[in-house]
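A single chain comes next, written as structure tokens; it is the form predicted alone.
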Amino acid sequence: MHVLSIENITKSFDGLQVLHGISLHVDKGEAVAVIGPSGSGKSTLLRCATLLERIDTGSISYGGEPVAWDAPAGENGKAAKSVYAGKNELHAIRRRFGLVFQSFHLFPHLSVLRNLTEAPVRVLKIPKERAKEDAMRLLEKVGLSDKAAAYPFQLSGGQQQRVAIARAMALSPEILFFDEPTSALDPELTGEILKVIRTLAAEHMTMVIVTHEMAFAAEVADRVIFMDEGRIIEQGTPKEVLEHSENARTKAFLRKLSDN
């Protein structure tokens, strides 16, 4: 059974269709890199998958648990907008994934440790001491165990993003989503984040990573998806897509990147 199943979803904003019948399945332990030009719908796809945006039509499920599905067609035969699961079901499903944004979205008034323990204590009702122990293990994993008492403003951008990754893992998600996790960082800090994600990939964490780092995608991804104009144009192994693609649009995109 797939960890994530997306079937034929569409999404429009103010009459402009951004996603055109996207289907995507992610299996346990798989790392999927999503690449493509700006405006191709990559971030919208992630926002729909993580319930930050509601799809128009199509279906989404996590581990077989339905999130959204097509409503019956109306009297005129035209498909209605997708129906979503109830509040309680969606609340449970949100625990199944974590999301790391481009910007860090840490709680500025909380210490690094409290940023990691707040959700496990409040949402999962984990005892505070156990939550602290778990948080310290996560901080050690991202190389920041010495920053537990620090506040976000005292950290570099790379350190804040590593805390954001640790916080996303604090609820023990089945799948992690990354939306351009290095785009807000200076080039010298990018390596810090890529190192953490490499570690997660080596541990077979299920991940979907929207990235513009082609070398990184080639290194960590089991599968690369190329999107353009709201459609999946091509997908395959990193070697198939990044090195031996026969698709003209994929080749043009990669050529433009190499020229810059």
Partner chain sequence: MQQALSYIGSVIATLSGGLGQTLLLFALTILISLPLGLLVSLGRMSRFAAVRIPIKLYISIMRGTPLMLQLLFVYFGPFYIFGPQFTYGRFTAAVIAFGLNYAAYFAEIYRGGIQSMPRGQYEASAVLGFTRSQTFFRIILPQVIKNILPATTNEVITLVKDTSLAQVIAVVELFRVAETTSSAQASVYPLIIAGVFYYIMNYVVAWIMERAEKSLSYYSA
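Numbering follows the first chain given and starts at 1. As the structure is a computational prediction, the values presented were derived from the model and not from experiment.
There is another form of this protein, the form predicted in complex with its partner chain, and it is not shown here; the text below is about that form.
Proximity to its partner chain in the predicted complex holds for none of 142, 185 and 216, with the criterion being a heavy atom within 4.5 Å. Contact check for residue 162: every heavy atom lies farther than 4.5 Å from its partner chain in the predicted complex. Heavy atoms of residue 204 never reach within 4.5 Å of its partner chain in the predicted complex, leaving it off the interface. Interface membership of residue 108, defined by any non-hydrogen atom within 4.5 Å of its partner chain in the predicted complex, is confirmed. Under a 4.5 angstroms non-hydrogen atom cutoff, its partner chain in the predicted complex lacks residue 81 among its neighbouring residues. Among the residues 71, 189, 171, 136, the one placing a heavy atom within 4.5 Å of its partner chain in the predicted complex is 171. Annotation for 119 to 147: interface residues with its partner chain in the predicted complex are 119, 122, 123, 125 [heavy atom within 4.5 Å].
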